[in-house]
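One chain follows as structure tokens, the form predicted on its own.
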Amino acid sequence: MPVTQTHIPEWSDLIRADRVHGSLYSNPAVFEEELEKIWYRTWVYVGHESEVPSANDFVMKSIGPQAVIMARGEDGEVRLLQNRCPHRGNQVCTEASGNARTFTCPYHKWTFANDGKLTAFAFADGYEGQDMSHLSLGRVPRVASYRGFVFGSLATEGPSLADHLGGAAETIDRLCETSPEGEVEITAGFLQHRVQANWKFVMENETDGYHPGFVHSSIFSVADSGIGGLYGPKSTALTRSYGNGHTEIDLRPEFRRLGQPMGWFGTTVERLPDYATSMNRSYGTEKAREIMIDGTPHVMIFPNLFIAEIQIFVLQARAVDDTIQHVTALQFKGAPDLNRRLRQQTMGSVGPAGFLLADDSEMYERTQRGVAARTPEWIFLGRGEHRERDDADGFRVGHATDEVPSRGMWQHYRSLMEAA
């Protein structure tokens, strides 16, 4: 198969039902086409409304390599602005976050309102008779929010966010139900983990139930954790493909089998009495018990939002072998005692001295180096293909260790890349 750094064969020659060609992770030409057909065309998760709670709040975000300012205007609307002055291309915002009515380009002092409109420019007499009204900051043309999660699309037309999320929207609903007030808050601050690996290696790993018992065996044993068993051969947990590239490891069957409220979090309601009381008050005893047994989802929203039970990861694809994971602890409105422990567990698992992400990062970079070898050419993704099936809602499911998610992601990926 002739695969070069500038040539891409037919996608059908690179993506099969049970395998993909290794060049898809390493060819810069593939990455450039992904930017145009995935990152700049589909819905991409950008941030959460709680990160800009007040008028004029802003926070720097991204859509792939593109820098984006997420700003809440005085009218309460959350907008996504591209961080590029229309004059000479300088970045108008250099702060990670803050509160500002305007952004001023440091190069020639052009000033823009936080809705992107040009409001002032230095030495105005030099522009007499010229129409300057069109020289605004670029806006992400489509912005939509679901349960506070803000998505943007650089395409002016396309499917709605509801169509994009499809059945995976229910996992966000499930996440929000963990809060006594039904709301997630993203307020703990982000860590950034940069790896020399392709973004798809990271994306696939997030709902790969085959690796935890091996890659993370040391931390599971040291912590005397039962997590490893959730991904063992006898587990009743499922992998699921929702379509549109969204995938899940559904651990609820195991948690329901054990029947221990807050067991998903490695604790009991007795250790979180205020939280349990608030949940019972909000949902009633029976519903609250169900929620506290089921726990939070483990879901990958294509292409870049990973809800990882106690934290979220936001994937930023920067180059064919350069990916940043932005990670923060989930916080639930009305649950201060649970939130404190969520922050502690996040620091322990994916903080600077955490074990889980260090394990995974090593695997990402090893696989990136591995696909540089010319043979074997293919990545095999056939685990569990013979036993996958449709669940009651018509979604493809398999055993916790099966590669249903990877096959689902690649099926959607191929449909996007083959689109005109």
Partner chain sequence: MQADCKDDTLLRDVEQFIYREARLQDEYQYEAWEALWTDDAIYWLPANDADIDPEQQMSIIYDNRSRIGVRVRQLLSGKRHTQEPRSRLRHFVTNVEILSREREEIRAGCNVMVFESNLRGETVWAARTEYLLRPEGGTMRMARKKVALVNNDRPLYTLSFLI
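Given the structure is predicted, the values throughout are model-derived calculations rather than measurements. Positions refer to the first chain, counted from 1. Throughout, rigid core stands for the largest set of C-alpha atoms superposing within 1.5 Å between the two forms.
One more form of this protein exists, namely the form predicted together with its partner chain; it is left out here, but the text below deals with it.
- Only one listed stretch (139-147, 339-347, 250-258, 276-284) carries heavy atoms within 4.5 Å of its partner chain in the predicted bound form, and that stretch is 339-347.
- The three residues R318, E362 and R366 all sit with a heavy atom within 4.5 Å of its partner chain in the predicted bound form.
- Contact annotation: of the candidates S218, N90, T268, S160, the single residue with a non-hydrogen atom within 4.5 angstroms of its partner chain in the predicted bound form is S218.
- In terms of contact with its partner chain in the predicted bound form, the residue from I172, L191, V78, I291 that brings a heavy atom within 4.5 Å is L191.
- I324 belongs to the set of residues with a heavy atom inside 4.5 Å of its partner chain in the predicted bound form.
- Although the partner is absent here, T187 sits close enough that one of its heavy atoms falls within 4.5 Å of its partner chain in the predicted bound form.
- In the predicted bound form, its partner chain stays beyond 4.5 Å of every heavy atom belonging to Y40.
- A residue is said to contact a partner when one of its heavy atoms sits within 4.5 Å of a partner heavy atom; F214 meets this definition for its partner chain in the predicted bound form.
- In this overlay on the rigid core, P352 has a C-alpha that sits 2 Å or more away from its partner position between this form and the one not shown.
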